[in-house]
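There is one chain below, alone, in C-alpha cells, taken in the form predicted alone.
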Amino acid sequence: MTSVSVRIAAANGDGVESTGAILGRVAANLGLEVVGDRGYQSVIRGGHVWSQVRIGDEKLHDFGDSADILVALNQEAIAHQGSHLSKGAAVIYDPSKTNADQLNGRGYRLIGMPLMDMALAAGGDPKMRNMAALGAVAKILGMPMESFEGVIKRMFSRKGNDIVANNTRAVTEGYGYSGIEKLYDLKYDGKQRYLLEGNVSLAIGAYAAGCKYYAAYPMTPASGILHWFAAHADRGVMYKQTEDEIAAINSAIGAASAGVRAMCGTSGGGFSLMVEALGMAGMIEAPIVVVESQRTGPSTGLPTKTEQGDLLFVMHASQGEFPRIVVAPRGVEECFGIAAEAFNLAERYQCPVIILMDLFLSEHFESVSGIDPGTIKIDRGKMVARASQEGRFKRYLLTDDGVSPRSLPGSKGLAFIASSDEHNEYGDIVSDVLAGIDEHVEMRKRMHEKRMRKIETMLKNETLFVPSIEGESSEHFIVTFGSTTAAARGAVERLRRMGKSFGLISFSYLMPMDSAKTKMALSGKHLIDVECNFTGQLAKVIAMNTGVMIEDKVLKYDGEAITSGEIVDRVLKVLER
C-alpha cells in the first residue's frame, strides 16, 4: 500500500482548510482513499492552524502520524511543524517570505517556490499562495491537473467566474513550476468516492430516517449538523437555531410528542443545560435523539480540541433512573447508519437515544462508499392510529415488555396527558388520583418498573449491545469505543506485521450493555484499554457491568486525536512491563 500525508500550515484565514478540502475531494474523485483532519484555535482570524490530508490506494485508518509533504505558508509553519515531519519529507515554502534554515541538514527535501509572485500573477490576491502550492503538491503526487478544475469550480463558483479562473490559474502555475517532479505512485481506480465529515454523515443518516425537525444552539463541534440542516431546509426538514440549549431539547421533545422524528445537538457544555429536560423525556417516554459531540473540559476547556471525557456523564445525566440508549459511532461511515437506527430505537422503546460524538469524529473527513439512503428501514414502534376500546386511552399502559401504545395528537379517542410528574396509565399525576395512599404508591412502583423493563426488552430483542471482536484467537486485545476505533484498528494491523498476536474489541452501542455476553467476550483475555480521557471511562463501564477489570491502559487527554502510531508505541511499552 502507498499512502502520503500532506500537511498545510499557516495562519487562520490563509485558506488552509480549503486547500486540504480541495486536495481531499480530488483524491476521492480519482478513487483514492482519504482521511483528513485539522487543528485550529478558538479565534476568528490569526493563530497557527493546519490541515492534514492522508491519501492512499487502500483503506486508511487515520490521518497519519507525521507529514510526508509540508506546505509552509508562513514562518510559524516552519517553527511549529518541523517536529511533525516524516523522514525525507518534502517541504514547500516561499524563500522570499519564509526562512527554512532550521530544517537544513535534517534529510528533508526543501522546495523553495515563489508562491507570492505566482499568486499575484494569477489574480493579484496574495491568498492564492495556497493554490500555487497545491499545484506543486498535485504534481508530486502524480495527480492529473485536469482533475482539479471541476473541484475548484464547484468550491468557488459562488464567488464568480473570475475567482474560479484565477484559482485554477494559480494551481496550474504551481503544477508546472520548474523542478517539481512526481515523487509518489498512487494507484487510483477512478471509482469516485464521497468525502464526508462525521457531522454531515450523521445528518444525512438522520434525514434518511425521516428526521423532520432539528434544533440546536450553535456550539463547536456539533454546529456542522445545524449547518447541514440549514443548507437542506428546502427538503422538508425544519431546523431551528434556538436561543439556548434548554430550548433546543424542549422543542425537540415537543416535536417528538407530536409524532415528528426530532433531534437536537450540542457539545458537553450545552448538554449540561439539557439534563433536566432529558429526564422529562424519560418520564413522558418521548422518543428523542440527542447528539453530544465531546470536546475537552471541564467548563469551556479547549473548545476546538477533541476528547472522550463525557461517556459517564451522558450515561447518568439527569436525576432518577430511566431507560436510555447511548451509542458512539466508530467512524464517519458508521455515523450514517447509527443516526438512522437511533430514530428506530427511540420510537421502538420510547426513550431518549444519545449519540456520543467528539470533535475529531464530527469534523474530520474521510472517503466513504457505503452510504445509501435507500437502504434505511423505518420502524415507528407501537404507534396506534385508532382507539381499540371505549373509555380513555391508556398511553402508559402497564405492559410485559415495558413499551406502551403511542398515539399522535388529534387522533380520535386517543387523547392523553403527558406529565413530568409520576402518573398512572392515563397520564394522571398519581398524587392527584382520588385513591388511598397505598394505591398511588403502588402505581409509582409499577410504573417505574414498567419503564425500566424496557432495558430487559432491548437486550432480549436487539443484538447491538455487545462489543465487536476482530481476531478472536489473538493473545492480546485492544479495547476501545467510538472514534478511537479506527486508529486502534490501524495499530492492530501494524502490531500484527511486527509479529505480535493482537485483536480488537470495540464498542459502539454502550448503554444498555449486555453484561453476560460482554463478560463472556472479554473474560480470559489480555486486554489493553485505549481511550481519549484521563480516567479510563470505558474500562469503568465494563467493570461496573461485567466485573472484568482492565489493568493496562493507553489514555490520551491533550486535546489531539490519537493515531495508530501512538497506540503502537505505548502498547509496546505495556508489553515490556
Partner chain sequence: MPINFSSGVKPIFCPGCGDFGVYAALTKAFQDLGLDKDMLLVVTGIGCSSSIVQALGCYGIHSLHGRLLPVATGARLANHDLTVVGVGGDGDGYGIGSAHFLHTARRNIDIAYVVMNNQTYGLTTGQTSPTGQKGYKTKSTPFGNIENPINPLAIAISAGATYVARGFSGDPVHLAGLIKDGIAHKGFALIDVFSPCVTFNHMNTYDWFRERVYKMDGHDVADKGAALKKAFEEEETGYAKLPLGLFYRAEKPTYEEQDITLRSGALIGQPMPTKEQVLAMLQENV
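The shown structure was predicted, so the numbers you read here are calculated from the model rather than taken from an experiment. Residue numbers count along the first chain shown, from 1.
Same protein, other form: the form predicted in complex with the partner chain, not shown, and the subject of what follows.
Exactly one listed residue, out of Met238, Val164, Leu110, Leu459, brings a non-hydrogen atom to within 4.5 Å of the partner chain in the predicted complex: Met238. The partner is absent here, but in the predicted complex a heavy atom of Leu414, alone among Met116, Met145, Leu414, Leu186, sits within 4.5 Å of the partner chain.
Only one segment in the set 93-101, 298-306, 438-446, 207-215 has any non-hydrogen atom within 4.5 angstroms of the partner chain in the predicted complex, and it is 207-215.
Although the partner is absent from this view, Gly374 contacts the partner chain in the predicted complex, with a non-hydrogen atom inside 4.5 angstroms. Contact annotation for Asn29: at least one heavy atom lies within 4.5 Å of the partner chain in the predicted complex. Proximity of Ile354 to the partner chain in the predicted complex: non-hydrogen atoms within 4.5 Å are absent; the residue sits far from the partner.
Taking non-hydrogen atoms only, Ala277 approaches the partner chain to within 4.5 angstroms in the predicted complex. Contact annotation for the candidate site: Val200, Asp234 and Val260 all lie close to the partner chain in the predicted complex (heavy atom within 4.5 Å). Of the residues in 402-422, those that come within 4.5 Å of the partner chain in the predicted complex through at least one heavy atom are, in sequence order, Ser407, Leu408, Pro409, Gly410, Ser411, Lys412, Gly413, Leu414, Ala415, Phe416, Ile417, Ala418, Ser419, Ser420, Asp421.
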